[in-house]
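Just one chain follows, in the form predicted on its own, and it is written as structure tokens.
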Amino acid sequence: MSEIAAALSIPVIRHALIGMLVAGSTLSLLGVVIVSLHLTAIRFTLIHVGLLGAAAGLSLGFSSTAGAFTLVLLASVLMGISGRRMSISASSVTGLFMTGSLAGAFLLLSRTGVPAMEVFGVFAGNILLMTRVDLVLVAVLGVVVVAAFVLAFREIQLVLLDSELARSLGVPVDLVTSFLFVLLGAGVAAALRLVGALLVDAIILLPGIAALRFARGLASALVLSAFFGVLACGGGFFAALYFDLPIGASAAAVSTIILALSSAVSAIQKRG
């Protein structure tokens, strides 16, 4: 325990812990949206977009993470708008952006000579590189996510439950859906910075899936998702410090265990 306390006395370690806890308690709420709207493929799409953004960022003289963050956020806006205005299904939109981004990334790599390993470094992530500015940005995003669910709870609940019913009740379904796409994009972009593309699910998706095993409504799903997100991020972080493991991978392992246990408990409850 003294070793963990000593580690937490280092500013970069404290920043990483706070960033993980903030992300776990707020970005995990987006997992409920992903599952409810059947958008599980969207995170793969945005990860591929992040790859293109990383390549573009390096070719323009910026960092790979800055390029990935910017393009993921922009793509989420375009995905929401294109699906609404062009009447394209969510699966078609995600497929379009996924394939196009991957093709664009490799074409850009072949033409610019940017080292491929630097571009693919966005998949790894490194939360220990989080600065105070990064921490503030994650905190602001977390506040925006929570505020969105609080201020537009009824509208979001109706859209997730039945979009046609929501539309008949006067809910601006297209606007709400587009805004949710933007939040998802921002959440994935932030998670890229925290744990890398390959472990985005540990923060965003898995806590939401686990929460929906027990939730009786949107409110309880959000509370449980935040709880599981904090448990995964906090547990993974301290396990990484204690056993000298990679923080992102440790958080992903804990998140996986939580989902497995929740699935088992849910199955037992249904049999009983």
Partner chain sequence: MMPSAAVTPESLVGVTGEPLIRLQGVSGGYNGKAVLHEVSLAVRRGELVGIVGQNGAGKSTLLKILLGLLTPMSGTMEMFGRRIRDAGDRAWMQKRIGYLAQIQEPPAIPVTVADTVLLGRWGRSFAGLRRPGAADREVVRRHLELTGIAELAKRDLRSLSGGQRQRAALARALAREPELLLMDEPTTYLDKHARNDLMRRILDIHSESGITMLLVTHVELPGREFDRVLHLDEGLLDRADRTDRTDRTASDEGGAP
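Numbering follows the first chain given and starts at 1. Keep in mind the model is a prediction, meaning the values are calculated, not measured.
Form predicted in complex with its partner chain: not shown, discussed below.
### Query
From the list 158, 180, 109, 73, which entry has a heavy atom within 4.5 Å of its partner chain in the predicted bound form?
Checking each option against its partner chain in the predicted bound form, the one that comes within 4.5 Å is 158.
### Task
Only one of 77, 139, 102, 169 comes within 4.5 Å of its partner chain in the predicted bound form by heavy atoms, so just point that one out.
Looking at 77, 139, 102, 169 one by one, just 169 meets the 4.5 Å heavy-atom criterion.
### Query
Quick one: is residue 117 in contact with its partner chain in the predicted bound form, heavy atoms, 4.5 Å cut-off?
No.
### Query
Is there any non-hydrogen atom of residue 36 lying within 4.5 Å of its partner chain in the predicted bound form?
Close contact exists here: in the predicted bound form, residue 36 approaches its partner chain to within 4.5 Å, heavy atoms only.
### Message
Since only the chain is shown here, I'm wondering whether residue 56 would be in contact with its partner chain in the predicted bound form (any heavy atom pair within 4.5 Å).
### Response
No, residue 56 is distant from the partner.
### residue 61 within 4.5 Å of its partner chain in the predicted bound form, heavy atoms
Answer no; every heavy atom of residue 61 is more than 4.5 Å from its partner chain in the predicted bound form.
### Task
With its partner chain left out here, work out from 217 to 225, 235 to 243, 39 to 47, 63 to 71 which stretch has heavy atoms within 4.5 Å of it in the predicted bound form.
Going through the listed ranges, the match is 217 to 225.
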